[in-house]
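Next up: a single chain in structure tokens, the form predicted on its own.
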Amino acid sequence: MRDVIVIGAGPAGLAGAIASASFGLKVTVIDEFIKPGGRLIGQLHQEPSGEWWNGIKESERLHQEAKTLSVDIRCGVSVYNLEKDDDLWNVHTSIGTLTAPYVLVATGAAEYPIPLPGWTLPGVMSIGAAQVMTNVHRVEVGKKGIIIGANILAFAILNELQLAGIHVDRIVLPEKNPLSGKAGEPEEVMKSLLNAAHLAPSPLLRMGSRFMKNGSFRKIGMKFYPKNGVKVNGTPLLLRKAAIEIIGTEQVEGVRVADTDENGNIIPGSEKIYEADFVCIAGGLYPLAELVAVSGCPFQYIPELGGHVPHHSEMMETPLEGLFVAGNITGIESGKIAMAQGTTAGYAIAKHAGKDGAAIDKQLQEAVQNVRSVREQAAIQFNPEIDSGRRKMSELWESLYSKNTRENSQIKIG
């Protein structure tokens, strides 16, 4: 008999498993990938402090710590349903149905696709796929590439591709249309990127970005944006060029690009083909929360968190008794924050299971405070208004599941 099932062996799931197991709970972790670590195992970047963040080593550390605590980790296992039966959760998987009184769902995030003509050609991939192929499988994705879409994730992985010796020729925007949304609007893209301007590679860019935060200056900046773009670690960022087609017969051969005005509208007669043998589409991330939706957990659409997220407290509880969430399923943030949330969820589960009152209360409160501290110290945020999103969820939780209404809700506190 197991006490806890953790779905997802990424940073949040492993950290949650470790926290629960440290209080003597029997934990099983399942993940559909062939090894634990989640997106951690694809991450390699330099922090603003100069230190290197090596996701592979971090995932190995978490894996080893979990094994030391006798956590049962099963990889290559898919979950297709999650339902409550009296006091137990039934987790329906590719290896049968597993049961436990507590479930932590830490399924992470998925990438938004941005469809355009030619996107099914061999050599076209999401930016995240390029990261995994490069850092995990050590496969060279190509010799000369183009990234379609400019966001924080794209720039982080651009740097990782460059470290692997892969040449990215340029970054362009997707064509402005209902499918691309704000990703195809130059001013909106610039506005989002300014939140990471303190990480710009040159003092000139950092200084100029301060002026661009002013709406009037930003409009002027877009109107006179350099035709050849602004280089980001040596790769031109072309905010006023849009990809309208990926071309090739048997595989990617290039991208048809057109100039745009400052509002992202295509300028007729400006088309040009840039050669490339691979293309990365960077549409951004959204919470991968379908499994929690199947369980019957209520959701709220909060764009500052990346989309639809399950109702949850700071202690990572949901309104469904015994069901907890952590990591990007609650809002798109970094791996460090996912780990901090996972630890919080693990301690919260131990508390609900009746483990060591005084000690668990102290550690749980410290874990909640650590999530806030890690968030405050984060060098970048995938969604710049993440604090606003977290406040919205906190207020929603208090209004629906506060102390005065808990007797009428399903969740048990303490």
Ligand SMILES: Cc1cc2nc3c(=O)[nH]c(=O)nc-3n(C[C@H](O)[C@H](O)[C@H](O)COP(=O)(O)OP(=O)(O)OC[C@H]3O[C@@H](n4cnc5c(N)ncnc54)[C@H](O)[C@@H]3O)c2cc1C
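This structure is a prediction, so every number in the text was calculated from the model and none was measured. Start at 1 with the first residue shown and count on from there.
Only in words, not in the display: the form predicted together with this ligand, which the text now covers.
Visitor: Heavy atoms within 4.5 Å of this ligand in the model of the complex: which stretch among 369-377, 30-38, 383-391, 349-357?
Guide: In the other structure, the partner sits against 30-38.
Visitor: With this ligand left out of view, choose which of G335, G149, G264, G306 has a non-hydrogen atom within 4.5 angstroms of it in the model of the complex.
Guide: Exactly one listed residue reaches within 4.5 Å, namely G335.
Visitor: Which residue, G145, P174, G118, G108, is the contact with this ligand in the model of the complex, using a 4.5 Å heavy atom cutoff?
Guide: Contact with this ligand in the model of the complex is made by G108 alone.
Visitor: Does this ligand come within 4.5 Å of any heavy atom of E160 in the model of the complex?
Guide: Flag for E160 set to yes.
Visitor: Is A19 part of the interface with this ligand in the model of the complex - any heavy atom within 4.5 Å?
Guide: No - in the model of the complex, heavy atoms of A19 and this ligand never come within 4.5 Å of each other.
Visitor: S270 versus this ligand, in the model of the complex: is there a non-hydrogen atom within 4.5 Å?
Guide: So S270 does not count as contacting this ligand.
Visitor: Can T343 be called a contact residue for this ligand in the model of the complex at 4.5 Å between heavy atoms?
Guide: Although this ligand is absent here, T343 would stay clear of it in the model of the complex, with no heavy atoms inside 4.5 Å.
Visitor: Could you run down 74-94 and flag each residue that has a heavy atom within 4.5 Å of this ligand in the model of the complex?
Guide: Sequence-ordered list: V77, S78, V79.
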